[in-house]
Ligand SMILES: Cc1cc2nc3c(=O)[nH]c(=O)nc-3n(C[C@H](O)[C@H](O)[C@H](O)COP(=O)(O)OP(=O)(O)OC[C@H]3O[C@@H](n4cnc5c(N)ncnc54)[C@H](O)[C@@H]3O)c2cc1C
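Just one chain is shown here, as structure tokens, and it is the form predicted on its own.
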Amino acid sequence: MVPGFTYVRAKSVADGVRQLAAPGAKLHAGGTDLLGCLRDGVFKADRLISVSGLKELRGIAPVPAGGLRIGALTTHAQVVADKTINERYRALAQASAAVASPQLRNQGTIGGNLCQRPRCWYFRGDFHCLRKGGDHCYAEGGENQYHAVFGGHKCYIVHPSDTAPALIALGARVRIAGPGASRVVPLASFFVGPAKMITKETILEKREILTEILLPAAEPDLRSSYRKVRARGSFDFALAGIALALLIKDGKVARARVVFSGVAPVPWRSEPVEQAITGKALTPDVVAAAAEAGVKGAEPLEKNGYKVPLLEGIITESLLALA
């Protein structure tokens, strides 16, 4: 059962920022993660500030300098249906299509997908773990088959978002509204790993709201994709996944962005894979070397070692598919 709370509809983004100053206030958008967290007791909320009715936070539109603006309240179903995203930013369309179930894609928002809390069963369960202010990571020596193999540092959550790796690969930025002027930051800088702060996943402060995602103009020779492997064929989080954005010129990779999902506390950019393929044609030998480089440095826990060969296989198949 969800505990009782006061529900307030913000009249504007500025009003939402102001209302978030109230003690115990939490932001409500699509609500697909927030309500689950309240029901499971992950955190408490005395007051929900809903921005779900703000039209300025919805929709997909071109920007004057090229590229796209995607409002944070735009649903995954709307992203998947958008012609421009399918034609120019294919990785994002594939990532949104891989989120949850059709029902949740109709309700869940792209902004919420970036800001959702970890799915670690210790964090979501009745355990006072490090991320909830405790002094122990129960996954380190417990049931850790779904946890991180990169970047753990005392907390071994994996980032649950599918759209985040795709957007980072595509060079997205996000706009954040707060008590002062809004700020725009690269999405890659939006996420916070446990080595920097163990109780937060993003740079958002209490009175800040993510309002929009900004995609750069898509270059004609850009090829992108997103693929994840999950335990069930639908409605499941990634065991491992990969977002690719490759600029191909004269049959060779001129620029590469490679970001893993399901294997680290943040979307994990793989510079070893990028370096292994840049300036080269994607031949089977080059791809094999890139896949091997991509899993070097992995530090699996007792029960998630399978993620290393799984990720190596995903790297191989995804690169060859874009060759």
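The first residue of the sequence shown is number 1, and the count goes up from there. Predicted model, so just to flag it, every value in this text is computed and none were measured.
Only in words, not in the display: the form predicted in complex with the named molecule, which the text now covers.
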Students should find that, of V266, L34, I277, V259, the residue having a non-hydrogen atom no more than 4.5 angstroms from the named molecule in the predicted complex is L34
Residue among K252, R223, K196, R119 with a heavy atom within 4.5 Å of the named molecule in the predicted complex:
R119
Answer with yes or no whether G67 is in contact with the named molecule in the predicted complex, where contact means some heavy atom within 4.5 Å.
no
Report yes if any heavy atom of E208 sits within 4.5 Å of a heavy atom of the named molecule in the predicted complex; otherwise report no.
yes
Tell me, yes or no, whether E219 is in contact with the named molecule in the predicted complex, where a contact means a heavy atom of each within 4.5 Å.
no
Looking in the predicted complex, any heavy atom of A290 within 4.5 Å of the named molecule?
no
Candidate spot Y146, A188 and G241, all three touching the named molecule in the predicted complex (heavy atom, 4.5 Å)
no
Can you say which of 267-275, 59-67, 26-34, 290-298 gets within 4.5 Å of the named molecule in the predicted complex, counting heavy atoms only?
26-34
